[in-house]
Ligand code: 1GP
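We begin with a single chain expressed as structure tokens, specifically the form predicted on its own.
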């Protein structure tokens, strides 16, 4: 079973949770412990990646350490083609659709495609859409961040990703955002597209996670939560709330 098939099978039973770990934020050994805790608490997959400071070295070391500790898939969430690890199970082959910079829309993908092919890394195509406030990822990606009230624009980008044949759509408010993607936007995008909808950014509590699931997200991603030393209880509550809605 491919990683994509695994994710789709899990989503067929309800909304899933994925844990995002930034390899630049902690040593590989700590990243592996976080991943193991997340797996124990019920996360469906581990994602690794960050907007800045990801290198081939910290990516490879973190991927290897995590793979030694968990059985759930490890998916690379890339910021560019500068670092691609063969130790991941798959890579989100993403286009930041509302970037002003062709580098983030297609040029990094063109640079990375031959490497991904050579490594035999499973690509999962994805339309990546940055929603206000956007945070660091919006800044680094030179995104024309979609305003929270502009649901029609979000719908247009999401539908374009679907019609282009991308496997998934990701609505991203940005790591550390003080607000998640608006619920009405999630609901209307979910009703419009035919592919799974992933939502991340600003999801800091079980209450927020529950609302996002009920709005229609097929997957909820949390990252900032696990950067706290006492993350286990918060993550447990978030994953439990997601499961209780499905």
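Residue numbers count along the first chain shown, from 1. Keep in mind that what you see is a predicted model, and the values were worked out from it rather than measured.
A second form of this protein, the form predicted together with the named molecule, is not displayed here; the remarks below concern that form.
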Is residue 79 close enough to touch the named molecule in the predicted bound form, meaning at least one heavy atom pair within 4.5 Å?
no
In the predicted bound form, residue 224 touching the named molecule (heavy atom, 4.5 Å)
yes
So in the predicted bound form, does any heavy atom of residue 20 sit within 4.5 Å of the named molecule?
yes
Report yes if any heavy atom of residue 182 sits within 4.5 Å of a heavy atom of the named molecule in the predicted bound form; otherwise report no.
no
Segment that reaches the named molecule in the predicted bound form - one of 151 to 159, 167 to 175, 68 to 76, 98 to 106, heavy atoms within 4.5 Å:
167 to 175
